[in-house]
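In structure tokens, one chain follows: the form predicted alone.
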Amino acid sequence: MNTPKMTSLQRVLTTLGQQEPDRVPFFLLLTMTGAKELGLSLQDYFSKAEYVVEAQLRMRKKFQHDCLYSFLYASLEVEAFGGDTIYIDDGPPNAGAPIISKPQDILSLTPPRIEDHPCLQKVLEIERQLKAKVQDDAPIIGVVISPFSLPVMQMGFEGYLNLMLNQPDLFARLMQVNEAFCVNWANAQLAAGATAICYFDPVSSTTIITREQYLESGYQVARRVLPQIKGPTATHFASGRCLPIVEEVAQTGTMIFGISTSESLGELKKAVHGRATLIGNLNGVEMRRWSAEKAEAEVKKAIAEAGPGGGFILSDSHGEIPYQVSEETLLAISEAVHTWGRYPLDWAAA
């Protein structure tokens, strides 16, 4: 017998409780797609809160998915530290020149004040407006970049790795500044209307550093930061692997793991032992070339592997749908979830 229809928020809360809702929840984490929806350039689209709010509401109605996403682009946090953002026509905006040109610059770095930066205030306005529109019907997902991963944009990958390995005192100082900002930024978003915070932490993934390095660095940062965030968190590795560190990530208190296409959903589901919910792991890069039949097959495969018993939200593996993914593909994903994601998943057990 099918479960009565739920709201998106009820659906997500049920699966977070490791129970089966009426249907597998799915998140289309749409950022740049909103510009196409409104017929705007990416730079114009991201310039006004009202544009993002309108597009998010339209796209949720069109694709019938289960969240609203207030995230704009990762370099927004670098802007708050005094950096620049570089726009391109068909891809995510990127951070400009590093704000930390030499390690000693860290000594004078201070956490940005949320109220002083229009770029941050724009995100808060998006969250306030979305909350006013949807109330408790659907979760609003806010985003912070982990203090451990943000330095890749603040000082460049090579400079950051050298700092991490060779200058522990300055590394500790940078983490202190970034952690203070991260906590304040996350809590400001929750106060504005975000339901939960996605903690993007790709540098902690074992795609980039070893498990041993994670335990000494990113893990310690997460253990300090996540308990200070006054709402539920999802730790997302932005396409990076996390299976070797599942036990430790679960101990940070995060409720959701964003997972890679490079790892088995079934293995990860067993590894978390009902202690956390998985989100993923459709391949956004490959999604650009999917036919409707391929989209259906990928959705069915993911649901069969991780859907039974709850504890699974279908999404892409990176936390952002590429600009090049067509509306037809997104509609095919939605149709497949609504066809094959209804509980009980008797077909998956056959």
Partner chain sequence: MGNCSLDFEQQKISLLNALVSMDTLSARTILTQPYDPCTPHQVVEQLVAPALEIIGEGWEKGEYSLSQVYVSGRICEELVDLILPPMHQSRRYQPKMAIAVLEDRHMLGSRVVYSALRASGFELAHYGSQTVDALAQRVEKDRIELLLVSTLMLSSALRVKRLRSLLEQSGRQVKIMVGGAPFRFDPALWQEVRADACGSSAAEAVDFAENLLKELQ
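Small disclaimer: the values here were computed from a predicted structure and weren't measured. Positions refer to the first chain, counted from 1.
What follows is about the form predicted together with its partner chain, which we do not show.
Novice: Among Q167, S262, Q121, S217, which has any heavy atom within 4.5 Å of its partner chain in the predicted complex?
Specialist: Partner contact (heavy atom, 4.5 Å) among the options: S262.
Novice: Only one of A172, A191, L107, I88 has a non-hydrogen atom within 4.5 angstroms of its partner chain in the predicted complex; which is it?
Specialist: It is I88.
Novice: Counting only heavy atoms and a 4.5 Å cut-off, does its partner chain in the predicted complex sit next to every one of I208, V285 and R289?
Specialist: Every residue of the candidate spot has a heavy atom within 4.5 Å of its partner chain in the predicted complex.
Novice: Tell me which stretch of 158-166, 265-273, 136-144, 225-233 has a heavy atom within 4.5 angstroms of its partner chain in the predicted complex.
Specialist: Among the listed stretches, the partner-contacting one is 158-166.
Novice: Consider A132 of the chain shown here, and say whether it contacts its partner chain in the predicted complex, taking contact as heavy atoms within 4.5 Å.
Specialist: Judged by the heavy-atom cut-off of 4.5 Å, A132 is well away from its partner chain in the predicted complex.
Novice: Is N94 close enough to its partner chain in the predicted complex to count, meaning some heavy atom within 4.5 Å?
Specialist: Yes.
Novice: With a 4.5 Å heavy atom cut-off, would you call R241 a contact of its partner chain in the predicted complex?
Specialist: Residue-level check for R241: yes, a contact with its partner chain.
Novice: Any chance Q213 has a heavy atom within 4.5 Å of its partner chain in the predicted complex?
Specialist: Taking the distances in the predicted complex, the answer for Q213 is yes, it comes within 4.5 Å of its partner chain.
Novice: Which residues in 317-335 have a heavy atom within 4.5 Å of its partner chain in the predicted complex?
Specialist: Stretch hits, in order: P322, Q324.
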